[in-house]
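Only one chain is given next, in structure tokens, and it is the form predicted on its own.
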Amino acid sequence: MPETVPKVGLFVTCLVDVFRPGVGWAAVKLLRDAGCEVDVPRGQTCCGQPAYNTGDRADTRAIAEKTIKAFEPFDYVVAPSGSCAGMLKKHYPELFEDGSALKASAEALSAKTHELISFLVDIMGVEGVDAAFDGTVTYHDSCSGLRELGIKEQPRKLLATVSGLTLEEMEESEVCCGFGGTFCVKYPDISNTMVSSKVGHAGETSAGLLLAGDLGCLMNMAGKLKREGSPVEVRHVAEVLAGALDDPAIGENG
């Protein structure tokens, strides 16, 4: 754990800002409870993933430059999303020429960027949370968080400390849900097959709540569950860990 109070810049993410601001507030609560000073810089925008995934490097670099500048004052950059954190941490340095000042700035941003739950456990040393949930949940491992950032045990460690909560693992929890950013637009039939399999596995458990750490995955799975008339609800893991379940479940409010 850092010896001084860490100054954290929260990278809210587009989907949280537009569709699920409660996830942002849950992230702020968790970070403050862990002893961080939290700010949300107004200069932030999209991380640039849509442009990057479609090969538009020029616009991605422009977005990256703006993001790097917005988060320069902070000790850490934390995002409640494995995919957005992965974009800043893994792909920003690839956008700029070796030896350039922008490359150095992108690498500096990369070094201090973390996904929310990983930051709490791996950097701040959080061992548990003061939250309760009387029920059974299952957990989907989002691709970017798992494969780019190594996030697997961290959310499970904190979920184990939520009073009354039981975690029941679904089959193939590590398999993609079919969202994949622009993948679901380019290959809708394949994406639909993948999400059908994913929610099917979730439904085979006794869990009433499906959790993940990436809102894109959550909205994709929530949409499919709603269309199928499933009673399984969908939440961002931060909402449960922060005890912030006042909002309707994802998929029930838009």
Partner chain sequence: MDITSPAFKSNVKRAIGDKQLQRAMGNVKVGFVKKRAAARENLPEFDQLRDQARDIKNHTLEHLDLYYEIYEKKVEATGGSVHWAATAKDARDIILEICQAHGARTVTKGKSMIAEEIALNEHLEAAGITPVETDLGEYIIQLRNEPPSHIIGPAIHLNRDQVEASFRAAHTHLPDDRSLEEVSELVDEARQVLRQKYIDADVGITGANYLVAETGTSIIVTNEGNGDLTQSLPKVHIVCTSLEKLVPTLEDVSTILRVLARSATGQEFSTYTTLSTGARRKGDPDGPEEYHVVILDNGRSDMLGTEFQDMLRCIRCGACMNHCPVYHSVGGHAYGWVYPGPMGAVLTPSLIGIDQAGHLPNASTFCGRCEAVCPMRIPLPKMMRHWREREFERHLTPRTVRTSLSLWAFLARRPALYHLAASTFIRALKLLAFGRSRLKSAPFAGGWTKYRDLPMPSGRSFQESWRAGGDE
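Numbering follows the first chain given and starts at 1. On a predicted model such as this, the values are computed, not experimentally measured, just so you know.
The same protein also exists as the form predicted in complex with its partner chain; that form is not shown, yet it is the one meant from here on.
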Practice task
Let me know the one among 131, 137, 143, 158 whose heavy atoms come within 4.5 Å of its partner chain in the model of the complex, would you?
Solution key: 143
Exercise for the section: Would you check, heavy atoms only and a 4.5 Å threshold, whether residue 33 touches its partner chain in the model of the complex? Expected result: no
Exercise for the section: May I ask you to state whether residue 169 is within 4.5 Å of its partner chain in the model of the complex, using heavy atom distances? Expected result: no
Handout entry: Contact test in the model of the complex: residue 208 vs its partner chain, heavy atoms, 4.5 Å
Key = no
Practice task
Verify the contact flag for residue 178: yes if a non-hydrogen atom of it lies within 4.5 Å of a non-hydrogen atom of its partner chain in the model of the complex, no if not.
Solution key: yes
Exercise for the section: Between 165-193 and its partner chain in the model of the complex, list the residues on our side with a heavy atom within 4.5 Å. Expected result: 172, 175, 176, 178, 179, 180, 183, 184, 185, 186, 187, 188, 189, 190, 191, 192, 193
